[in-house]
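So this first bit is one chain, no partners, the form predicted alone, shown in structure tokens.
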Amino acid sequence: MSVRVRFAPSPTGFLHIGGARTALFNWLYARHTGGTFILRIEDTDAARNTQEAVEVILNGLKWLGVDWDEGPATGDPKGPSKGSVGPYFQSQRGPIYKKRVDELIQKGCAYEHEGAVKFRMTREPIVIRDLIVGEVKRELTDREMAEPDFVIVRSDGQPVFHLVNVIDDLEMGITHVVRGEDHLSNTSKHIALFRAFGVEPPAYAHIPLILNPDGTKMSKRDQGASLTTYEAEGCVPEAVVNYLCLLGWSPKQNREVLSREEIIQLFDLPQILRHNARFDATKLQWLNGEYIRTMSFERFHEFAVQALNRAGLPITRFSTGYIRSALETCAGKIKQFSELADYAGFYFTDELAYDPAAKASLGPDERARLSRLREAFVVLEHFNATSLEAALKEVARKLEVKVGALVHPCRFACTGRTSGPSLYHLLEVLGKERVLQRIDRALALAEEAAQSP
């Protein structure tokens, strides 16, 4: 049997991190087994669905590298067409649902009721043999026992989630339904619908929920719930994929940093853990830093430029060579690209904003040493990292102070910060003219501050 799985989001807002993980688990299972991954947009609720939300879903999956295998053939909304762009939209499949509802009515499995259509729910317990949760016996509650039947088509003619979900899974030949555990309560209704159509349901695998660090369920309002947050903060897609996999899945090799290819090879449903997963932003940041540290410089450059543009820095004013040299001093030094503007923004501005907490770095002694260092820099014939380091160490020797007594005030004067890229290399990138101008300005500001009452 060839595996066929699907991700079926409703476009009512942003792509939740839990939904992204569900899509990823389905995609990984399809790739691991050589099966088919289908994207189906459940957009029958016209009042709540928006095209903007559809684009958010599509762009989020593309950012993660989750591609789908099927889509409606041109002119034939229900016909799968291998290799077409897709996805399927439920709003385009109305005739299919109507035909299937008529079938249920003719079989006596559904009936009209006050303008709506209700499904005649079985009164017998339904056993759900879940590949992750295990065997679950679902019996009707006392309230349901009195009125077990449920609406499948509302009085306005719109089919409900339970109906279209099952019909699409049936029509598309879905073999495995991999979805969040919060859908487990719906599964008995879905199994009953499948059997009413005369077919056995697909295999179900309900994956654990993602919780906040305090153990509460992660809702749409919680920090980190939206996938777009991670792109905006400069996370690497591969790191997010890697981390999402570790939320509820274990490769059982005591490893955490895994390439996409390794994950595909190792991923299988029996390895999905039973207990809920707690989201750990610190661990994601660490993992992201590992990916940044080992990525090629060309890729680092691409992400870095995007991050600097997002931060509003005027990098287009600078030459390609200057930008590249500046970024070379930053490679492997940050854990996410949203840090880059603060870490390296001094390269791309004429007016430094000096850290108020560090202005004490330029006291009388520091100003005197910095002035001596400036004199050494002025006469340098080659303004490169090697010469700059030698000149600074020579000044420190003559002043009989440690190297740090010059490094720290020089860094502060030229960057406005007390930490950052290698000092000698950043001075080389800035160039003699900028460095001397910045030292002069820092000294003037420090003198002015010292004379203020």
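So that there is no doubt, residue numbering starts at 1 and follows the sequence shown. Keep in mind that this is a model prediction, so the values were computed, not measured.
Not pictured, yet referred to below: the form predicted together with a small molecule.
Listed stretches are 177-185, 276-284, 221-229, 98-106; the contact stretch with the small molecule in the model of the complex is 177-185, by a heavy atom cutoff of 4.5 Å.
Within this chain, Ala8 lines the site of the small molecule in the model of the complex, having a heavy atom no more than 4.5 Å away. In the model of the complex, at least one heavy atom of Phe161 sits within 4.5 Å of a heavy atom of the small molecule. Put simply, Asn165 is close to the small molecule in the model of the complex: some heavy atom of it is within 4.5 Å. Put simply, Glu42 is close to the small molecule in the model of the complex: some heavy atom of it is within 4.5 Å.
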